[in-house]
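Take a look at this single chain, the form predicted on its own, given in structure tokens.
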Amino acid sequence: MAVAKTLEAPIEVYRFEPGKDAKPHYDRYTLTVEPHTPVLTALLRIRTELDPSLTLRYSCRSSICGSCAMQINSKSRLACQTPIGPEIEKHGRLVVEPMRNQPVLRDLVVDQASFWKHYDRIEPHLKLDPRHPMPEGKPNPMTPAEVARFYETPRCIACAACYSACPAVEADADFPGPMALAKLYRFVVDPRDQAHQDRLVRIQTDGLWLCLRCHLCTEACPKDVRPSERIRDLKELAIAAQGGTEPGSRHAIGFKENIRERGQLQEMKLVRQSDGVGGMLAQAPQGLRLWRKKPEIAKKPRAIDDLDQLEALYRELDAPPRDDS
């Protein structure tokens, strides 16, 4: 019988106990492991064999509960789902840190209060019309096509890996985070929900347009929920429901029409389309500084060649979806 190949894995683990440690530090360990060994298994071996003071959060060890999300070589991942071998091969070592955008309680455990606050604010549950309650014991069925609109959102395990990876969360505490918005989408498209219009109106001024469209949340998601795509869908639904009523939606609409006109972005015009004349005046000092460094921003760009091909693309995008059934 062939003996499994092993490797000497250098592992650096973030350590910090607020109120006791002056600042965070890293402890270094070396374990002999098989390449397929999950990071979580290695951390539990460290705690059992080398350092019982190591603090971490975990539960199912099967990628179901989401408890063991952490930073592994600077990427938000589930420790139970990430094998050590490929990480060592790619980076030469394993660096394990707590999730970002949440205060550290101790070592690899973070305080998720802000993550759950945004989740609760979204109200991720069905809201039925109290004037027309379902008869007790009667089902409220949906067609397969209606269920398909949920995409993968029910697979979310609330691990907060997307929240940890999100630069918009880091930049603005008012941003609800990718998971909360993906959950919102799930109920906005649920035909049984009676509050989808209210949800779309509220989220317009409650953080939807703070998303930076970097797609790091989709990269981090261990269940392929693709939250960045659900946020995109929410934006389209919000514009369809309410039009361009505030800067975020006006910017999206203006950007689309701006590019359509000449194939190149007219930056000064986009500011007016997004913020209006009053917004332009408010940003005049900043605009003047930019103009001094980049005077071409005030010029209308030339139309690109083959502009008709761009227009054909726009017509295709604007066309209603085809029913291939």
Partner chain sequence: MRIAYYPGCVAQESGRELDLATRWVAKALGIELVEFPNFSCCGSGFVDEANLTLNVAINARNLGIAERAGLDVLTVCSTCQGMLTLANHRLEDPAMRARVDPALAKIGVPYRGTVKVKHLLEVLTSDIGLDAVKARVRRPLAGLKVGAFYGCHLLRPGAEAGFDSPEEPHTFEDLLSAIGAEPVMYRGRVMCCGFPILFVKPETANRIAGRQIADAKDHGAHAMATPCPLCHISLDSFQNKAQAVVGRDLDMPVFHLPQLVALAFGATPDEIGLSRHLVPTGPALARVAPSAGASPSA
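Residue numbers count along the first chain shown, from 1. This one's a predicted model, so the numbers in the text were calculated from it and none came from an experiment. Between two forms, the rigid core is defined as the largest C-alpha subset superposing within 1.5 Å.
A second form of this protein, the form predicted together with the partner chain, is not displayed here; the remarks below concern that form.
S.K.: Hey, in the model of the complex, is Tyr314 touching the partner chain, heavy atoms inside 4.5 Å?
M.R.: Contact with the partner chain, yes.
S.K.: Can you work out whether Glu261 and the partner chain are in contact in the model of the complex, taking contact to mean some heavy atom pair no more than 4.5 Å apart?
M.R.: Taking the distances in the model of the complex, the answer for Glu261 is no, it never comes within 4.5 Å of the partner chain.
S.K.: If we define contact as a non-hydrogen atom of the residue within 4.5 angstroms of the partner, is Pro301 a contact of the partner chain in the model of the complex?
M.R.: The answer is yes: Pro301 has a heavy atom within 4.5 Å of the partner chain.
S.K.: Given that the partner chain is not shown alongside this chain, does Val271 nevertheless sit within 4.5 Å of it in the model of the complex, heavy atom to heavy atom?
M.R.: Yes, Val271 sits close enough to the partner chain in the model of the complex that at least one of its heavy atoms falls within 4.5 Å.
S.K.: State yes only if every one of Arg226, Gly248 and His251 has a non-hydrogen atom within 4.5 Å of the partner chain in the model of the complex; otherwise state no.
M.R.: Yes.
S.K.: So the partner chain isn't shown here. In the model of the complex, which residue out of Ile203, Val188, Ile88, Ile239 has a non-hydrogen atom within 4.5 Å of it?
M.R.: Comparing distances to the partner chain in the model of the complex, the residue within 4.5 Å is Ile239.
S.K.: If we check the partner chain in the model of the complex, which of the residues in 197 to 217 reach within 4.5 angstroms of it by a non-hydrogen atom?
M.R.: Trp209, Leu210, Cys211, Leu212, Arg213, Cys214, His215, Leu216 sit within 4.5 Å of the partner.
S.K.: Once the core is aligned, does Gln286 move its Cα by at least 2 Å between this form and the one not shown?
M.R.: It does, since the Gln286 C-alpha is displaced 2 Å or more between this form and the one not shown after the core fit.
S.K.: Classify Pro301 as shifted (yes) or not shifted (no) between this form and the one not shown, where shifted means its C-alpha moves by 2 Å or more with the rigid core superposed.
M.R.: Shift of 2 Å or more: yes.
S.K.: With a threshold of 2 Å on the C-alpha, tell me if Ile259 counts as moved between this form and the one not shown once the core is superposed.
M.R.: The answer is yes; the displacement is at least 2 Å.
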